[in-house]
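Here you get one chain, nothing else, as structure tokens; it is the form predicted on its own.
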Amino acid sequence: MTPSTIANLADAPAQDRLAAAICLIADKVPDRTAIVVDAGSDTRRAIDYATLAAAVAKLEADLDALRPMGVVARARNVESLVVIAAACGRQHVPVAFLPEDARDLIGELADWVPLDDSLVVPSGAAEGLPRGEFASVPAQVVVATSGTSGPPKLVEHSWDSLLAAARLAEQWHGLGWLLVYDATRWAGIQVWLQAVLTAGRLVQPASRNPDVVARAVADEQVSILPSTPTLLRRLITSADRGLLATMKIDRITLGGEAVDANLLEQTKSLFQGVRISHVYATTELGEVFRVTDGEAGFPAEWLGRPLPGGVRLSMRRDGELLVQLSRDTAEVATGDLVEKRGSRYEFTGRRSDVIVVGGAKVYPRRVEELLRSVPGVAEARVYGLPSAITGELVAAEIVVSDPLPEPATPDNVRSAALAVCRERLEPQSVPRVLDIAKRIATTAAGKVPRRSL
């Protein structure tokens, strides 16, 4: 598989590229591993490119014969999702990826047929366009939002926008990519597209348990680790140190949440020489910008100045970040709040996360950063609870380090955390509830929920 072979994919229509890549790789190196599922466990299973290519060819033939209005990918296995995407793309069939928490949106796609892991197109599927028109219509890809700011909703993309961030240069070829994101959401889709388009190896651990993830990374020689800051922090603070020492990470790509300076320093210290980037992207806009200097936030001079690709950033008076993708598009309010700190703008949280206590605004992320600075605190979550008196009150939960150095105890750590909050925060920002938890729950997208569960 030569670099020029993959690079030439950029000349193919966007909707054809995934299927073309799978077929090209299968033709040159059929037994190359494409996907490893349940990595880090006894149930590990590998799928090669030849198997993927055969499944794509069969599904393409079925789609060509039945020509459905569209396909809703209801498969649970990531290899099935890849096959569905590839076949639908090259056959110009619209495809929708719906995670579990967005399944009630299926009503909006009532004429589309569901496809599960059997990859069998129902014989009674309603036909779409006549055969002659079928291949000339641009295929659309529908993806559900993460639900961070409310119930998930459907967003329509073209294959061009779906693949806009894919990198086909030689340096990205044949690498091992970790998939800890939900494979049906924007971030997860971006990871498996990138891995397969460049003859890489997609590695999906059996769970998000830190030891399982670390074992999967080490055993499968993963070099690219895409993650939310929350999942990376959990890996660093909770995984077995011996397993972490065997990981050979080259790049870490963070997204989905703001990353703080402390986590960046921890990451650099643990993974010497690792290249860290922080991608700012949304399901609606795709990738907006990428920060690669290893610092939190983004340079202040980016605000109001066109970035590569024509993106322009601006800010409302209340600190909400606005994005204009090009001169021909309108500004979009992102819901993310930023604040200038020195020569950079750093993210303070999402507008929907702000806790209002008696009319005063509390930013959960700021409180979390302070809690995590307390010796013995490994993880923290801050969220709002309803209050009949103040409207809301601040609540928090922490995970204590394991093991704790003697003579420290969980209760000591909790008391120290409260003392630091009372000393460093305004009264309304001090948690009125502070619980010790075994682990911090995360959403399907790998993020920390900001409301009571």
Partner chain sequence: MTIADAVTDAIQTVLRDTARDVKAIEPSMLLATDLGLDSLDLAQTVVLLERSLGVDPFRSAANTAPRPGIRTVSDLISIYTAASRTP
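Residue numbers count along the first chain shown, from 1. Keep in mind that this is a model prediction, so the values were computed, not measured.
Heads up, the form predicted in complex with the partner chain isn't pictured, but that's what we're talking about next.
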Using a 4.5 Å heavy atom cut-off, which residue among 390, 33, 51, 401 comes into contact with the partner chain in the predicted complex? 390
Contacting member of 10, 433, 437, 441, with respect to the partner chain in the predicted complex [4.5 Å, heavy atom]: 433
Mark residue 28 yes when one of its heavy atoms lies within 4.5 Å of a heavy atom of the partner chain in the predicted complex, and no otherwise. no
Going by a heavy atom distance of 4.5 Å, is residue 414 a contact of the partner chain in the predicted complex? yes
Does residue 422 reach the partner chain in the predicted complex if we count a contact as any heavy atom within 4.5 Å? yes
Given that the partner chain is not shown alongside this chain, does residue 408 nevertheless sit within 4.5 Å of it in the predicted complex, heavy atom to heavy atom? no
Specify the contacting stretch among 252-260, 379-387, 173-181, 213-221, defined as having any heavy atom within 4.5 Å of the partner chain in the predicted complex. 379-387
Just to make sure I understand: among 403-430, which residues lie within 4.5 Å of the partner chain in the predicted complex, judging by heavy atoms? 414, 418, 422, 427, 428
